[in-house]
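A single chain comes next, written as structure tokens; it is the form predicted alone.
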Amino acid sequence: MISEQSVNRILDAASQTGADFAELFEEDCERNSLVMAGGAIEQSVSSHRHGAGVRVMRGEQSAYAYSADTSEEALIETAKAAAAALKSEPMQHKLQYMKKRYTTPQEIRFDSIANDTRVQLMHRGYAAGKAVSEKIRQMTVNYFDQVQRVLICNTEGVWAEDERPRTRIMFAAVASDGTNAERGSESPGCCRGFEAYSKAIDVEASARKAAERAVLLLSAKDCPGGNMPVVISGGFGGVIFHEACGHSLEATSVGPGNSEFCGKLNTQIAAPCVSAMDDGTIPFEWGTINIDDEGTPGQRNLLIENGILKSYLIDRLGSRRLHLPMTGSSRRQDYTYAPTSRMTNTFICPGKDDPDEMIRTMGTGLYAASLGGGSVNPLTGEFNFAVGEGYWVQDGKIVCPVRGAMLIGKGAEILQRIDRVGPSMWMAQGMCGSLSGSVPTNVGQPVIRVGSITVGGKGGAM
């Protein structure tokens, strides 16, 4: 990594046109990615990314520049390019670092295993998925692992080094009955070395789950549309909070006034049964961080407590805009992006309600066992989500699987309509895209019930 003497000269160059803060982010990342289809490896890529970026701030102004060349000379020029965006008298910074080094333990390092070991793992999942049913026509397995090493230094004395291992395996199954074809997927991941596949991830069970979902959807009916109660399961069900509320609590949206929750701290934004967290400190989870990408330690942030908004997710620039402390929430995809406020492991906290009672007393509506992709407008809170696995409920009883359902609504309204929260929370893994690129995040919740939500569907009466 870059020497202290070079860091000092780079940050000094970044401060020459009036920055009151300058930061260097260096990244070195090794990654392995494999794709299997039809039981054979179609693609195997090993890559090595290295580069650095320099960010400068003055008040609420910010500029960022980056380079794949991490020589001192190149990064001084990069610093000058960022600093050129600020026009004021030079500022002096006394640089004295508190050096801290972080790492996530790895029992089996990725650079210690051969690709044959990865391929054997993928074959195990492939065989388990194909064995679910003769209707499984296609099974695709994607595997990746990476170790990202970063150095973060700034003019406030931060010197933080971190080593970050992550791995994920993704199964996509296609089932067909000769007339229709349906798809199921499952994508577990975590922040560990290769021991993840003996300690945390059950490859065969995940592959079977993907295949079983695809087969199930072949017999599903088109979901009716309308306004109705919906029970949403845990795990990927948590994407509804992630999209409908989480993005609107990021300083990226709140700071410029582009969130429906601006100015709502310490006011009720959700039903009293709803509490929510963003916790980057949970050991080994997919969205867990030792430090964020500004060098601030990961934190457990209480966002909502009994329906009351308690905190936003705040990076350094957001802290300046909102005059609130940073929350360890600054993240970026890689050195080519400036950091901004992002989620880590975000979830609705466990409650006390019985999931069976939720369905038994809901009348007619939808049980969403899994949600798919979604999108939201943080300014208005309007969202939509695809239901990956859903069931029609009639008179408090599950009648049949349904497909093609969409959940449509507005975040602030849906939070107020949650009337039940179950006692057990679990999470699922995903990638979240925003201004600073795509980052790993967990979504989660217990089983919850929304008393009334718009369901889009093209089915008729059941």
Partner chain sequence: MDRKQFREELFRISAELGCSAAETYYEGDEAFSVSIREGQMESYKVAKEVGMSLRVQYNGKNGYAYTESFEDPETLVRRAMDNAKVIESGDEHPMLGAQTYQTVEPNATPLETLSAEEKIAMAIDMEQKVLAADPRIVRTQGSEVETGFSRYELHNTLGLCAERETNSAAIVLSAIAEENGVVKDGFAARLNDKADDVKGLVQETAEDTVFQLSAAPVETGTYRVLLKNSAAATFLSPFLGIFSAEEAQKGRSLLAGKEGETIAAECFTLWDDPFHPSAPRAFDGEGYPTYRKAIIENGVFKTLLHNTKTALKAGVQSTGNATRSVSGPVGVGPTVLSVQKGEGTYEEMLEKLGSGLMISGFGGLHVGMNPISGDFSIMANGALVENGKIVRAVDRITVAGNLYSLLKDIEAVGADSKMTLYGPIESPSILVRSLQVAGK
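Positions refer to the first chain, counted from 1. Everything numeric in this text was worked out from a predicted model, so none of it was measured.
Although not depicted, the form predicted together with its partner chain is the subject of the following passage.
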Establish, in the model of the complex, whether V150, A200 and P283 all lie within 4.5 Å of its partner chain, using non-hydrogen atoms for the distance. no
S133, Q268, T140, T104 - the one with a heavy atom within 4.5 Å of its partner chain in the model of the complex: T140
Would you mind picking the one in M170, M91, L379, V158 that has a heavy atom within 4.5 Å of its partner chain in the model of the complex? L379
From the candidate stretches 150 to 158, 383 to 391, 191 to 199, 305 to 313, select the single one in contact with its partner chain in the model of the complex, where contact means a heavy atom within 4.5 Å. 383 to 391
Contact with its partner chain in the model of the complex for A84, defined as at least one heavy atom pair within 4.5 Å: yes or no? yes
Can any non-hydrogen atom of H48 be found within 4.5 angstroms of its partner chain in the model of the complex? yes
Taking its partner chain as it sits in the model of the complex, is V119 near enough to touch it, meaning that at least one heavy atom pair lies within 4.5 angstroms? yes
Interface membership of E72, its partner chain in the model of the complex, 4.5 Å heavy atom rule: no
Could you pull out the residues of 20 to 43 that have any heavy atom within 4.5 Å of its partner chain in the model of the complex? E30, L34, M36, A37, G39, A40, I41, E42, Q43
